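Before any questions on how it binds or moves, here is one chain, the form predicted on its own, in structure tokens.
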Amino acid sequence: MRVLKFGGTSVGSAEMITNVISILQTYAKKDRVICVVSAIGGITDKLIAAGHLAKDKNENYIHNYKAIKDQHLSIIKALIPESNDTITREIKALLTELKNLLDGIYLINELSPKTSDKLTSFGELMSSLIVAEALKFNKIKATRKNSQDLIITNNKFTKADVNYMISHKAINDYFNDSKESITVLPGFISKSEYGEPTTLGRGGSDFTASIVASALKVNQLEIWTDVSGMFTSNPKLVKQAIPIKSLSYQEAMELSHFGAKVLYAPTVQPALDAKIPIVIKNTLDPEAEGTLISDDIALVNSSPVKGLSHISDIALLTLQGSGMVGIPGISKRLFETLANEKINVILITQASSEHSICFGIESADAKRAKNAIHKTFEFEISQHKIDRLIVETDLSIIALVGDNMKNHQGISGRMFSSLGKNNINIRAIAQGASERNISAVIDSNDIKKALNCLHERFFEDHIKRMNVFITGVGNVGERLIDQIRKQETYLHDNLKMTIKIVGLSNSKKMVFNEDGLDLEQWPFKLRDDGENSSLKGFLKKAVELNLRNSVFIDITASDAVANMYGDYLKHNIAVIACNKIACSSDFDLYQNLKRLSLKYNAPFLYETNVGAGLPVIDTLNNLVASGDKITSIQAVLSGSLNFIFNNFNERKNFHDTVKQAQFEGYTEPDPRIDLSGIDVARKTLILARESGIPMEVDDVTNDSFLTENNLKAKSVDDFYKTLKADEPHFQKIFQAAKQKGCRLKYVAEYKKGKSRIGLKEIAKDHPFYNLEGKDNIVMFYTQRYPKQPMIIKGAGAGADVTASGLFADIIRIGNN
């Protein structure tokens, strides 16, 4: 004999019921089958809603009733198109009874637990009749038996306790006499010892199936639903979640208790007592393996962590006070109070000092719990021995579950470090001595982020997902996206990392996709589907998505964007800045961004601020971190200026050379930023600050080679006109260097706390002389490198190398 239970989605439509019939037909060829069914999907919620509307004197309850009626009659019509008079008559009789009950609730405006049980029982009563009649219509021998005749309970309405002795006898007596191939039972519903309708709690159809299976000692209990087993986490929140092949009974109970809705928690106990394996199967994919729940040690001990679950809408209540220390009976009085109010305690943690007791309950019970506890401890509160109850809401519990966690060191550490790295604040922790379950209370807004970062840590072969937001998708941005696209396979296979670009913006449009934008089609997505661009709107969306390992990349030269870095860091979103403004503005702002980065565990990287893709800042930071001290720096830090002075000569005028540099992407859109020296000043300032010197940009002496006319130009066009007019000035500088056998290089120097930048004549024996093209060079003189400096040299400008520098910063964060 087999017991199969089908959930609400499995019988939610005529098409789904047809799938159920096919499954039952296959099973019935081999064995007798007991089929337990839930109400049609969504009906129980509609029944409850109709009851509350009627209680509140809201005549809209009639609309709910009509929707329930229409849904059932349309399914009958689709399933049994011919000769459906009998089933239609039976369903209409139940619907009439339902309507009378709702009318009665409306008249007396009262919905007691007893009446609620009678009201909600209609869903299963009707669905079981329909499934049984559909089987008969398909020439399958079947009967329907009312579970209220078999499962007997006390009168604890809405979640009754089963009398197993009486129920087991009734089940055995009936099925010993029954000879039908298939027996359909309504789940969830039962009857008290006094003959009154009761229910087994929401999700109780699973429980019905387990009670029947344990009474008959069948070989296996099968729970059929719309997913292929219990998953490592909620697949609606964690896209990478996968079915769990096997669980112990205790692991299944823990996961279902902490929110895994595939299985109703009390279901496990009867099967456990009778040692009956439970299999979770998918009605839509009957061939899928599903999840096996058993006590087979070889199966269940395969992995230390089996699943990750959560409960939402939790309130955390804390009772504390000096008058609790050393006083026996405080806990007893507290939990007796909650028990008398029928309030379920989900999580408990107590300080070792006995100064406080913290516990989690459903948010809906928080007010009632608070009032009852204040009444119980009224005297102690009045004497200031116990404080008034602290109630925190909008919380959730997240739980890591696995029987074998106790045999593996560091599970708790890995869990909490993963949450900490993503700035997820933990309000309370509970862990039993068995270490089967490690639970933490967190803010409800962080649930999705927490589930994903923990799932990534424990179930995804350590593949770390980086969620990237980019502002400024011009030339450099395009190259960065293309580099990420081309390296996807390498990153996954070699660095165990995947980079998803989830937000893009330019000056006009912005677009988002939580699952990651298509890296080939993104320009069209931005153009066609993007909303109007807004710096604050971009930040707001990034914060609302609240994704793990979030990174914001600024590829602009905007003050407004740079001024928002702190807002990103405060929300645990790492910042990568191509923009130099933030790090070269007021020293206090620079320091504040560093502090925010540490406080909120959000990296702040800006390698491309100096040397584009060259590891200049990273090398400098490593020197300082290792205890070395910078004594002086000499550098050519402008790839654009190096390109210009390498190409400018007596045959090619200065104006055309600058134009070429701009055309090839070596200068900023406004070349005055490069030629005025302000760009090099900012880079020099950043290097000084990274060396530990609290310097401002005005402290950098700038020996400008431009004319007064050049510096006074009010626009880029005017600037270019002055370059033409002042060509003799630039030729004079060039010829003076040439006559000495020197080359012109724009040099930055730092020594003894002072910085200077300017155009220099470089002799042939100097390391800067042969610096070609757009290359940069930096020489660090330190206590460890006093005579022969550490030299970093390479391309210091261009979209590709700048994009590679940004890419390297993403990887640095990912490897952290």
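Keep in mind that this is a model prediction, so the values were computed, not measured. From 1 onward, residues are counted along the sequence shown.
Not on display, but discussed next: the form predicted together with a small molecule.
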None of 699, 668, 161, 226 but one has a heavy atom within 4.5 Å of the small molecule in the predicted complex; the exception is 226
Given that the small molecule is left out here, which of 79, 405, 441, 262 has a heavy atom within 4.5 Å of it in the predicted complex? 262
Stretch in contact in the predicted complex with the small molecule, which is absent here, among 231 to 239, 336 to 344, 642 to 650, 472 to 480 (heavy atoms within 4.5 Å): 231 to 239
Please tell me whether any heavy atom belonging to residue 8 falls inside 4.5 Å of a heavy atom of the small molecule, as the geometry stands in the predicted complex. yes
